[in-house]
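Let's start with one chain on its own, the form predicted on its own, as structure tokens.
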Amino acid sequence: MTNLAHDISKPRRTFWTMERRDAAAGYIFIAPQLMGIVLFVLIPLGLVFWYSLHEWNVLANTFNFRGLGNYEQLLRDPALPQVLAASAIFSAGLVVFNMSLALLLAVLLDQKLRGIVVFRTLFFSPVVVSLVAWTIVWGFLLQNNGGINGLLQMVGIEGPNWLRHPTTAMISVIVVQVFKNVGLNMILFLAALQGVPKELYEAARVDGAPRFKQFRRITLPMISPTILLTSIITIVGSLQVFAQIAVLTQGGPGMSTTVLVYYLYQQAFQFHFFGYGATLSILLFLIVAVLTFAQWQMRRRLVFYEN
């Protein structure tokens, strides 16, 4: 009787405690995102690595194990240095011009002027335009007898064949991409500028600081987190460029505009070397991961809030 009374008076432990219910609710909420990451990131990444160890010929219906043969071919590929150089030039040009122009536009458009919203919409509108349509239009403008050279002839200047010379072809592709996406970085910079406390500028003006010093000492440090974000987004996007190259230059003239993604496409889908194409995609993944990690590690020096 004593043991029975003790068992009755002892509170029962329920399995669904408050902590477990909260944990289960959290897992349910993140389950779709986790499934997306597993299905569309981790599994494809694992398959790409598996394909890079094989030589897969779709036309001959063969799938042969090569081990590290594709990676050895990568080290011996005579075209790879030129491809990496073109990728570096494109990325450096895009990052410098895109971010500089975006910051300049954001500063100019961060003014309380009549009709300023119209100009903000005008500069942002290319972002929502179809990438292929945008590139095709620019392809017509940059032809030897296109609109750009037509305007130059009106002022007595004979323009070059922009897409058929190695230097001007790379510059043209960079400019097309800058004008396409500069509005996105502009909006991010504009939002960051509007978040800077106005009291800091008022105090600087009282102390007699000129505008350039205010920009260097107040504006840049306060928007440094946005600068870091936009630099990561821009660099990653520049390494993944494909449509502009495919429509405008097809990697030419020669291989002057053959960036890594387009070279990957050629190897896998034009020459049907799917195993080697998968190896190039692994290289691209490593480059993006290393650059992103390096930028993130530099945040303590570059970002004001991390100091």
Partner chain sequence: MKTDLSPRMKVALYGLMCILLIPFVFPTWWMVTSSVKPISDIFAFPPDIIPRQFDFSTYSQVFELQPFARQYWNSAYIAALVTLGTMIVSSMAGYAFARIKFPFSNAIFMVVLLGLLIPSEVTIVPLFQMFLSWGMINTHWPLILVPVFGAPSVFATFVMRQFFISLPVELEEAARVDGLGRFKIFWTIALPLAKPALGAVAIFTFLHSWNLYLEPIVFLSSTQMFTLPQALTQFTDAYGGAMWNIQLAAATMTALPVLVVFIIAQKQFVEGLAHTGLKG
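Here the rigid core means the biggest group of C-alpha atoms that line up within 1.5 Å when the two forms are laid on top of each other. What you see is a predicted model, and the numbers here were worked out from it, not measured in a lab. Positions refer to the first chain, counted from 1.
The following text describes the form predicted together with its partner chain, which does not appear among the structures shown.
- Proximity of Phe179 to its partner chain in the model of the complex falls within the 4.5 Å heavy atom cutoff.
- Mapping the unseen interface onto this chain, Met298 falls outside it, with no heavy atom inside 4.5 Å of its partner chain in the model of the complex.
- Among residues of the shown chain, Arg211 is one whose heavy atoms approach its partner chain to within 4.5 Å in the model of the complex.
- Contact annotation for Phe90: none of its heavy atoms lies within 4.5 Å of its partner chain in the model of the complex.
- Exactly one listed residue, out of Leu152, Leu220, Leu108, Leu80, brings a non-hydrogen atom to within 4.5 Å of its partner chain in the model of the complex: Leu108.
- Contact with its partner chain in the model of the complex, judged by any heavy atom within 4.5 Å, is made by just one of Leu75, Leu122, Val206, Ile157: Leu122.
- In sequence order, Leu39, Phe40, Val41, Leu42, Ile43, Pro44, Leu45, Leu47, Val48, Tyr51, Trp56 are the residues of 39-62 having a heavy atom within 4.5 Å of its partner chain in the model of the complex; the partner itself is omitted from this view.
- Annotation for Gly46: C-alpha shift under 2 angstroms between the shown form and the other one, rigid core superposed.
- Put the two forms on the same core and the Cα of Leu286 is off by less than 2 Å between the shown form and the other one.
- Taking 2 Å as the criterion, Asn64 does not count as shifted between the shown form and the other one: its C-alpha moves by less than this amount when the rigid core is aligned.
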